[in-house]
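Given next, in structure tokens, is a single chain: the form predicted on its own.
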């Protein structure tokens, strides 16, 4: 193991479209890797994790994957997903731990990561330089796009399984190519991944048309709470609603999109009461309204148009707090636009 060649006394950060020489050297010279991503993993977290894992295998490296939460049902058909380990603590010794889509080790919820050599790969506006090596590109449409660039820079082949995983990450993190960061290069990458073996129809079938009945029951309950106030829409479920529907956390994914899909609505929020009465929020927006700024005020973060955070309960108190902040944020945006 060549640890000395990439020994770094202070964090290095690349805020660029392509991986820098220090990051490429770390992947080439180190042998044992643990890959992880944020808790409550989404399609980009899972797809990028699997894609990077397979690329490291192509390099002849020993690589393992670990997440705090289980893989959501709709992503369990992805190649290699059965190799993802689920645990809340670190076990084993590694030359490097790679965190994807995390703004700190806490976001993974895995204990024992600090003190190891850390590599951070992220594209969120809330991304921070917390690791020994940080590669952050806030213009990337998904971390899957960054993993693809890493493969090209390292001269690694994109096999059909890798293409499938990266396409899934790209599709999910662009909101099916709807978010602002979707650009010509995004579609060019999608084209390349399809040519390299990803099946758009099969992936869409798995992601969008393989939901459990519990999610549909929960969606029905949430829609009965739907409220609108001008450009804001919101809906919610209680912990009791979750139990009645037989729903799990992953069943909440995408419910907020039914509120943001209303004509004239610019920002939407879905609130879910947790068992300890805290409230988990999913925020979505259209156009220039950046909900990542709103989420960051409450200790959360994410994308400009898709973010999340957790507030103290009770539910209706959390609802009042987020609605007041959204009203304020919209008013500031209107004033800024008028001034311009």
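All values derive from a computational prediction rather than experimental measurement. Positions refer to the first chain, counted from 1.
Below, we turn to the form predicted in complex with ligand 5GP, even though it does not appear here.
Subject >> Partner contact for residue 36 in the model of the complex: ligand 5GP, 4.5 angstroms, heavy atom >> reply: Residue 36: no contact with ligand 5GP in the model of the complex.
Subject >> Residue contact check: residue 124 to ligand 5GP in the model of the complex, 4.5 Å heavy atom >> reply: Residue 124: yes, in contact with ligand 5GP in the model of the complex.
Original post:
With a 4.5 Å heavy atom cut-off, would you call residue 66 a contact of ligand 5GP in the model of the complex?
Top reply: Looking in the model of the complex, residue contacts with ligand 5GP do not include residue 66, since no heavy atom lies within 4.5 Å.
Original post:
With a 4.5 Å heavy atom cut-off, would you call residue 308 a contact of ligand 5GP in the model of the complex?
Top reply: Yes, residue 308 sits close enough to ligand 5GP in the model of the complex that at least one of its heavy atoms falls within 4.5 Å.
Original post:
Looking at ligand 5GP in the model of the complex, do all three of 28, 57 and 148 come within 4.5 Å of it through at least one heavy atom?
Top reply: Looking in the model of the complex, the three residues 28, 57 and 148 all stay beyond 4.5 Å of ligand 5GP (heavy atoms).
Subject >> 40, 32, 278, 286 - the one with a heavy atom within 4.5 Å of ligand 5GP in the model of the complex >> reply: Residue within 4.5 Å of the partner: 40.
**OP:** Using heavy atoms only and a 4.5 Å cut-off, determine which of 132, 137, 103, 251 is in contact with ligand 5GP in the model of the complex.
**Re:** For this set of options, the contacting one is 103.
**OP:** Given that the partner is absent here, state which listed stretch (216-224, 103-111, 85-93, 184-192) has heavy atoms within 4.5 Å of ligand 5GP in the model of the complex.
**Re:** Contact criterion met by 103-111 only.
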